[in-house]
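One chain comes next, on its own, written as structure tokens: the form predicted on its own.
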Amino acid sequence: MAVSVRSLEQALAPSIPALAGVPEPFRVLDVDGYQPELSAAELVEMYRWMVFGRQLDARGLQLQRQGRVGVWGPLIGQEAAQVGLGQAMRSGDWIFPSYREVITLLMQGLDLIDLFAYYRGLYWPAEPVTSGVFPIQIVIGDQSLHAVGAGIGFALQHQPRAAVGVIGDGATSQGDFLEALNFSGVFNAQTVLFVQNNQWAISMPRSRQTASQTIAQKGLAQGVTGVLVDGNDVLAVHAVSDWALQRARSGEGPTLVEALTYRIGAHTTADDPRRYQPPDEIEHWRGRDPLTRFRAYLEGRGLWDEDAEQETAQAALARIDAAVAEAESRPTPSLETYIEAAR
């Protein structure tokens, strides 16, 4: 059964903040009566990306510990948020990421070899205007301004495209985010601001970042529609992202999406989360592992089994290791090359 945009809007209604009350996160898994507008092949492909992301994260951590890449931002536990968004984006959309959205970037066409070369300290390989994949932003929250600026440009040029700014919950405490949110509403930007709320901004818990009950409700004062979604439910994230992106492309307005998830691993490889994250909290969220939940759904539909799991994981590791070897074979560019790239 396909789900129309109108019926999806009705389903999303409890997850859109009002002036009073806390919205319920929109979810699909574990909920009866909702069927995704995706083919069996698309569902399986989404899960393959999630498995790939889990393997990539493990290998990225190993490479950093071995001194073969400079830093790594773990993404374990956030695969559903990244894949759900990536599946909803189209060619021609632009993405302005932080340092944790590597799955989404690869889904948008960033070459895996180039990604590892970048993490080895080489310059950003993609041509952003052509690829739609803009450089990883280290300065917290700045990409929200870039995404809104691009979304305003798309609106002025009447282009059926969307600009996505992906940020963490900590970035919503920055002035850049609030200014971007305000401008997006004023200029009706064709933008989706996608917040991966993983509960921690390095060692600062969500409860110490804002007194707001949700991040999604921050759009209310700026005239921007906000939606709260279960960020560990890949089907829910896809549905909300697809809806928000369609709104943006058609000029119906920007959307602030809060994907409620959890950072199982460290903030980066320079961090020791054992010093501040409660072990029982981590274990609680491990029980909501996005891969486990989606795999159970696929197995229930007869679309997945243990053989497929093992084959996919092994293929992912082989692809990753081949890309690492190729990236490490590339020579370090001369200083002049870096200066040219910056012009």
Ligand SMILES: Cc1ncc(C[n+]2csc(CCOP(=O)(O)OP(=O)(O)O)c2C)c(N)n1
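Just so it is clear, the structure is predicted and the values come from calculations on it, not from any experiment. Residues carry their position along the shown sequence, with the first being 1.
Not pictured, yet referred to below: the form predicted together with the named molecule.
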Notebook entry, point to check: Ok, N232, S241, N198, T255: which has a heavy atom sitting within 4.5 Å of the named molecule in the predicted complex?
Noted result: N198
Checklist line | Option touching the named molecule, based on a heavy atom within 4.5 Å in the predicted complex, out of A221, A270, L156, V139 | finding: V139
Next item on the list: Work out which of the listed stretches, 179-187, 127-135, 161-169, 86-94, brings a heavy atom within 4.5 angstroms of the named molecule in the predicted complex.
Entry: 161-169
Notebook entry, point to check: Does R247 make contact with the named molecule in the predicted complex, using a 4.5 Å heavy atom cut-off?
Noted result: no
Notebook entry, point to check: T210: heavy atom within 4.5 Å of the named molecule in the predicted complex?
Noted result: no
Note to self: Please tell me whether any heavy atom belonging to H146 falls inside 4.5 Å of a heavy atom of the named molecule, as the geometry stands in the predicted complex.
What the structure shows: no
Notebook entry, point to check: Given that the partner is absent here, does Y123 sit within 4.5 Å of the named molecule in the predicted complex, heavy atoms only?
Noted result: no
Notebook entry, point to check: Can you tell me which residues in 83-122 come within 4.5 angstroms of the named molecule in the predicted complex, by heavy atoms?
Noted result: Y99, R100
